[in-house]
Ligand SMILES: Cc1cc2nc3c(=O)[nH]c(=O)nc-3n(C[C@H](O)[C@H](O)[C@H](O)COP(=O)(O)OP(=O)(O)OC[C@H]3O[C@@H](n4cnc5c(N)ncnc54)[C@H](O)[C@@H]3O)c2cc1C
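So this first bit is one chain, no partners, the form predicted alone, shown in structure tokens.
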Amino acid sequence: MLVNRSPFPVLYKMHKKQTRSKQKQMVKDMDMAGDRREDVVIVGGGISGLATALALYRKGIRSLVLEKSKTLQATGGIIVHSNGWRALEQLGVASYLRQTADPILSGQFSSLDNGKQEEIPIWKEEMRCVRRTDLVNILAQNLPLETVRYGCNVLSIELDPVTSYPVLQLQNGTTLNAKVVIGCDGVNSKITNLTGAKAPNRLNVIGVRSFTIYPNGHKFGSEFKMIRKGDVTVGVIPMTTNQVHWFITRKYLSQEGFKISKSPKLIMNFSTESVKDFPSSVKEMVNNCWLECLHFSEYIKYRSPWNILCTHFRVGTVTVAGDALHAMTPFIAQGGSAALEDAVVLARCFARKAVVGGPGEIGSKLMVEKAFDEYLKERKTRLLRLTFESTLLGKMEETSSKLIKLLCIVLMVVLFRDLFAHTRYDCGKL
């Protein structure tokens, strides 16, 4: 028997209760009149922003995180591969998160069109699906109080014509003068726009994700399942013995996506319609999902590898990380892990090149620029591979052309024969 859609899981309630008191202390709207000066400002309080703030803090560098929402915003689950766990170990939160998510030990791909089944090799690499709320909460809890300021919407950013340092204008009227700005504000980043980057590409693929609670345990075991019929793909990823994260992708079919995205009821209708020809276990999983965590993407946005290669992603003492730097398709499940890697590499380069004198004392503008250039050089080498592989898989999902699919398959075989090579990457010590 599946859980009713409306009640919160007991385990999650307990976790929320334990963290709520600390969040109340942290969740304060920025109340500032006139001008304000800060050394390091991080725009965006999601996984990337909080991880970057924590990595800097571990190196003795304080920062101010600006989040436009009133509270922490996170829905569904996120797959973390071995490379992501190595980064989480450097941040000092891996041991806690491992207690919240069971390891995935095997994988299987099934085609309902021809009955074909294939094993998805997991090898000995660590792979778990973590609740996004657990991840953002533990990152935030390890930061000093009042590091994160909520309700702070950045309207614009520009460089001061005299000092060349960044100046941010907030919706509440505050002018924030910063020595350093790191944009972790997602795929539609205002900070990335300042660096001269082109707008991200759009993949004509719709995505839905949520998770489902099974009070008496689910029957998926510890196996990650991919099931495909026609142009619809369903992914089933066990999180614990009682929780399953799932996603649906299918080709973009109409102009109704924006309307659907605004209504949980329409998202649910779309999801149930998409899986109507799937096994009963999948239909039950979708029908009984946690409605509060349904997330709909009208298009999948991504940066192409040549966009990564040709864009500097730094202007003055401003740079970006996470999806603001490398939004990618979800088909290799590396967006979150790559953002965690960004945090470790950025903090390491910044502490080595831009800090002088006492702990956390920021050096000259030139020192900060050299630190960010070193960070971007190291990350681009890594990101070119990730974005190329994820883009090829995304094109295979999107296209109806047999020629383009064949070309993508050939490139995958030649360049990415080892499909899990990217999970063995180590971002190094903090």
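In this text, all values refer to a predicted model and were calculated from it rather than measured experimentally. Each residue number is its position in the shown sequence, starting from 1.
What follows is about the form predicted together with the ligand, which we do not show.
Colleague: Considering the ligand in the predicted bound form, which of R132, K229, K225, H218 comes within 4.5 Å of it through any heavy atom?
Modeller: Looking at the other structure, the residue within range turns out to be R132.
Colleague: Considering P166, G235, P330, P200, which brings a non-hydrogen atom within 4.5 Å of the ligand in the predicted bound form?
Modeller: When the ligand is considered in the predicted bound form, the option within 4.5 Å is P330.
Colleague: Is R58 one of the residues lying within 4.5 Å of the ligand in the predicted bound form, judged by heavy atom distances?
Modeller: Result no; R58 lies far from the ligand in the predicted bound form.
Colleague: Going by a heavy atom distance of 4.5 Å, is K365 a contact of the ligand in the predicted bound form?
Modeller: Looking in the predicted bound form, residue contacts with the ligand do not include K365, since no heavy atom lies within 4.5 Å.
Colleague: Within 4.5 Å, heavy atoms only: does G186 come near the ligand in the predicted bound form?
Modeller: G186: contacts the ligand in the predicted bound form.
Colleague: Indicate whether the ligand has at least one heavy atom within 4.5 Å of a heavy atom of G394 in the predicted bound form.
Modeller: No, G394 stays farther than 4.5 Å from the ligand in the predicted bound form.
Colleague: Given that the partner is absent here, state which listed stretch (139-147, 86-94, 333-341, 305-313) has heavy atoms within 4.5 Å of the ligand in the predicted bound form.
Modeller: Going through the listed ranges, the match is 333-341.
Colleague: Please state whether every one of the three residues G46, Q73 and I79 places a non-hydrogen atom within 4.5 angstroms of the ligand in the predicted bound form.
Modeller: All of them do, each having a heavy atom within 4.5 Å of the partner.
Colleague: Going by heavy atoms, what in 55-70 lies within 4.5 angstroms of the ligand in the predicted bound form?
Modeller: Those in contact are L66, E67, K68, S69.
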